[in-house]
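Shown next as structure tokens: one chain only, the form predicted alone.
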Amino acid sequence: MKQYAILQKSHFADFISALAVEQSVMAPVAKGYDNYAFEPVTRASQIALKHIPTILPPKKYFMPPSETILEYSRREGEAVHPVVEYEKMILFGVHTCDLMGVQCLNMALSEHPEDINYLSRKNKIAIIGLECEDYCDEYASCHLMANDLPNGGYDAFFTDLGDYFIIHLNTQMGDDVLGRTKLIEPSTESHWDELMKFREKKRSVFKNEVPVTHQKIKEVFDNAWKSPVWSDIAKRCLACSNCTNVCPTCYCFDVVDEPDLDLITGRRRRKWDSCQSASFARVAGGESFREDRGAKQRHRYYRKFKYPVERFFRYFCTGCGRCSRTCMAKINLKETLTSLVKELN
């Protein structure tokens, strides 16, 4: 496998068409009012190459918002059938922040007991990344989270260098999928030099968006448990759960049984759940471990910046900015971090 290749822009339309003939292709599509969503595409003209983070991250293809995980029938004794549904597909145009989101989910859902439904999909989905040239908007904090430059998690990665894309072929799956289009060409040293110039320019654009270093964020949260910041957020939070629903690294779910009207057959489904909902931490007797909205929001932040560091040695915030972009109460992650940093200092 050659590590780098190029695709001429003049061949991009044929490239997407060739991919779509072979299997389903999902890519960012403009939905109006500066909103984008990953949707099925068959033509290059449908794809928004310049896009801010999509409304929902690519995790919806690995872990759908709602899915059947088991079916049962009492007609044949007590027959129970696990359900694992997946589709072979290509995700095109995934930004570096969302690539990290998938990497975080890979870690969390590969732990014992493994999430078979998630891992089955992961093995059937080819990911083609697309590099950002500049900030998506004011909500992004990708440099603080060390995601402004590519750091793996993809099968192939595209960088736009004007008349052509330079492509990093990272896995055999990426090499196979792109090779079958017969449109990519070998790269030369001059292409590599152009990529290095691009990255150097990019390093001058992306700077820490919050006055703290990446390494010191954990120390901020070591001292933030009793911060008045959480009380301030509690006064504003509407508990709508938007922040967790759009987060690329949130993976909590609820499980419900749905019997059919015959009361003989039925299914078990799992649905995305949120630590911001009133029922999430409620136990038998109606008590809740986190009744207060400030405590719920603190839990959300600690699930990004403290707990995963102790367990996986990395933050579970990607810097995509979706939580701030979608918050109806205007709770801004960068502002919250800045307030906590000021308290530490």
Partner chain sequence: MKKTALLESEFKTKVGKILRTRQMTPLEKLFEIALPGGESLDHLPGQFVMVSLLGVGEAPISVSSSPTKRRSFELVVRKAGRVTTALHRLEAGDEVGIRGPFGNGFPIRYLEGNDLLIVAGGLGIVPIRSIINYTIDNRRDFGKVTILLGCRTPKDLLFSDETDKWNHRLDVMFECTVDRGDAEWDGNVGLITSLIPGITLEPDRTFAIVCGPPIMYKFVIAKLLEKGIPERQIIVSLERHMKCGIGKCGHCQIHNYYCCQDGPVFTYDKIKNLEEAI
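Take the two forms, find the largest set of C-alpha atoms that superpose within 1.5 Å, and that set is the rigid core. Positions refer to the first chain, counted from 1. Every value quoted in this text rests on a predicted model; they were computed, and no experiment measured them.
The protein also exists as the form predicted in complex with the partner chain; that form is not presented, and the subsequent description refers to it.
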Partner-contacting position among 189, 163, 111, 200 - heavy atom within 4.5 Å of the partner chain in the predicted complex | 111
Considering the partner chain in the predicted complex, which of 226, 235, 182, 216 comes within 4.5 Å of it through any heavy atom?
-> 226
Does the trio 71, 83 and 299 actually contact the partner chain in the predicted complex, every residue with a heavy atom within 4.5 Å?
-> yes
With a 4.5 Å heavy atom cut-off, would you call residue 194 a contact of the partner chain in the predicted complex?
-> no
Residue 50, heavy atom within 4.5 angstroms of the partner chain in the predicted complex = no
Does residue 280 reach the partner chain in the predicted complex, with heavy atoms at most 4.5 Å apart?
-> yes
Evaluate residue 270 for contact with the partner chain in the predicted complex, applying a 4.5 angstroms cut-off between non-hydrogen atoms, and reply yes or no.
-> yes
Going by heavy atoms within 4.5 Å, which of 152-160, 202-210, 252-260, 130-138 lines up against the partner chain in the predicted complex?
-> 252-260
Does anything in 300-321 come within 4.5 Å of the partner chain in the predicted complex by heavy atoms, and if so which residues, in order?
-> 303, 307, 310, 311
Against the rigid core, is the Cα displacement of residue 76 between the shown form and the other one at least 2 Å?
-> yes
